[in-house]
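Here you get one chain, nothing else, as structure tokens; it is the form predicted alone.
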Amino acid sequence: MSITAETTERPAVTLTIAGSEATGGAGAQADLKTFQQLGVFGITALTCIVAFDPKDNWNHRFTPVEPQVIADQLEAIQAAYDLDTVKLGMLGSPATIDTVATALKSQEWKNVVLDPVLICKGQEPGHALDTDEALKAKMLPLATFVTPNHFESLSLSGMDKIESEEDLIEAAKAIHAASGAAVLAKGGVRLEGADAIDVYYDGETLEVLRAPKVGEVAVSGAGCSLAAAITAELAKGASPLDAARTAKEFVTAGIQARVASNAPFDAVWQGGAVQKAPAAAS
């Protein structure tokens, strides 16, 4: 194989503030692979390290990064690049949320994509609740785009149940009303029906994105990759709705091309979208 260098336009520079997930299926690893696949220059500031425990039913082992170390990472990143687009993933503690909020408020942002990871297994329940409340109070108001999953949509909307497309639409509208952000509320495999549906709502436009379900079990990294794909597309100048549409297609292809391991869950393969692209005519 020969490799040649070509002169291309400077890629958009995109930051993810997220945790490391040791098996490579989710978190910052999934974000950076998504960024690369979609043609943006990805940077990460790590907030925590999650290592599943194969001796304990693959439960989470959660280790936070010290707040000063997070602040140091962000200081270097923000000094090195003129950034306007960031994705927020696993933050994991009120102290981390404070640190990240301070860094974000030190400059203007065009796009702040919040993947509102509200619960990390392995945390004490009280600590997890404090983290949830801090995220809602300090991160949600900064977001321009929010991508909650089924559980997170329940929490952020205040609804008792989300069991149908109509419920998910109601949740998306409630989260937009609370945040002012564009919302892509993810139904995934958790709602009945042949399609995995996500609801986009930005206060004016409502659109239900559909794709046939690929199995009935959630795949590791799907939510991270979806939010990262939205972030990448926004960084390249796409509208929020177009970014959501592209991300949905990207993640559906990644789920279809999923990677299995000895863990009891498969992982999204971000290269799936390329594998499914039509071959060039000879």
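Computed from a predicted model, the values in this text were never measured in an experiment. Position 1 is the first residue in the sequence shown; the rest follow in order.
Omitted here: the form predicted in complex with a small molecule. The next part is about that form.
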{"query": "Contact at G19, V50 and H60 by the small molecule in the predicted complex, all three, heavy atom at most 4.5 Å", "finding": "yes"}
{"query": "Residue stretch of 230-238, 249-257, 25-33, 209-217 approaching the small molecule in the predicted complex, non-hydrogen atom distance within 4.5 Å", "finding": "25-33"}
{"query": "A243, heavy atom within 4.5 angstroms of the small molecule in the predicted complex", "finding": "no"}
{"query": "Distance check, V117 to the small molecule in the predicted complex, heavy atom within 4.5 Å", "finding": "yes"}
{"query": "In the predicted complex, I197 touching the small molecule (heavy atom, 4.5 Å)", "finding": "no"}
{"query": "is_contact(A101, the small molecule) in the predicted complex, heavy atom dist at most 4.5 Å", "finding": "no"}
{"query": "Heavy atom within 4.5 Å of the small molecule in the predicted complex - the one residue of I162, M90, V112, A181 that qualifies", "finding": "M90"}
